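Just the one chain here, the form predicted alone, laid out as structure tokens.
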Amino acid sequence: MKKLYFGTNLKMYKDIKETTSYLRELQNLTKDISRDEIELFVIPSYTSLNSADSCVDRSLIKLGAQNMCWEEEGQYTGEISPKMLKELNLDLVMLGHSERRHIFGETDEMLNKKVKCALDHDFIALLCIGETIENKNYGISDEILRIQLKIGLFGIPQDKLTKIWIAYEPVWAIGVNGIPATAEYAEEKHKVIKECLTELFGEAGKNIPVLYGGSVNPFNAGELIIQPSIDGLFIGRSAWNASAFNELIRNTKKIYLDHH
């Protein structure tokens, strides 16, 4: 079977104590699942990262940061540099989450600098892309996704491709009021993404994992994971309880195996 990716971004939820308790429980519940079959990652808040690092076995759960500056140091008040994140021994950095793009005005050009910086510091760069409801209504979703990929991954050398992951999150499907995309719609967009990655990087582009995120829950996870172009799930609130996340992983993995 191909490796399935399961991850969650804790956003601005869970304090240090809650985060470490959650991670310990999640690690304990899932440690018997072969990591040749799944990749599991959690992206806590900045303030929890130091404590998270000391309580997690990285061969079982990868840890990431929710954002990063593109400069190593300088006059960037309030920012966090790759060198600072490196001190925390992190595995990955999430870049371009829709909340960063739409609330904080991050552009594709800024994200390209961040992706390059993350790769230069040997992090996995998890680049988030996705169209708004307006883009969808205008019928330009595919173009938007291709622009976000082509600019975000501009100038990335072939030897860095093993450190790139993509998360497709339609903006209209995220959050409390999100409307989950149908499995068919998600597959259609993942195909567009995979085609674009192959155009950019040739055969090597086919090996870049593409995860679906956007109101993933126990009821739609199975039909999403069996889609041929979906390599994993980037889950929100349905993953914020360790026991529920463990159950979702196991059930989804079983559905995938039964389907194949």
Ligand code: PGA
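All values derive from a computational prediction rather than experimental measurement. A residue's number is simply how far along the shown sequence it sits, counting from 1.
Here the subject shifts to the form predicted in complex with the ligand, a form of this protein not shown in this document.
In the model of the complex, the ligand stays beyond 4.5 Å of every heavy atom belonging to Pro157. For the chain shown alone, Gly232 is not a contact residue for the ligand in the model of the complex, no non-hydrogen atom being within 4.5 angstroms. In the model of the complex, none of the heavy atoms of Ser48 sits within 4.5 Å of a heavy atom of the ligand.
Of the heavy atoms in Gly74, none are within 4.5 Å of the ligand in the model of the complex. This chain lacks the partner; the member of Ile164, Leu149, Ala173, Ala186 within 4.5 angstroms of the ligand in the model of the complex by a non-hydrogen atom is Ala173.
Looking at the ligand in the model of the complex, residues Glu39, Gly222 and Arg250 place no heavy atom within 4.5 Å of it. Heavy atoms within 4.5 Å of the ligand in the model of the complex belong, among the stretches 137-145, 112-120, 174-182, 75-83, to residues of 174-182.
Shown without its partner, the chain has Gly214, Ser215, Val216 in segment 182-220 as residues with a non-hydrogen atom within 4.5 angstroms of the ligand in the model of the complex.
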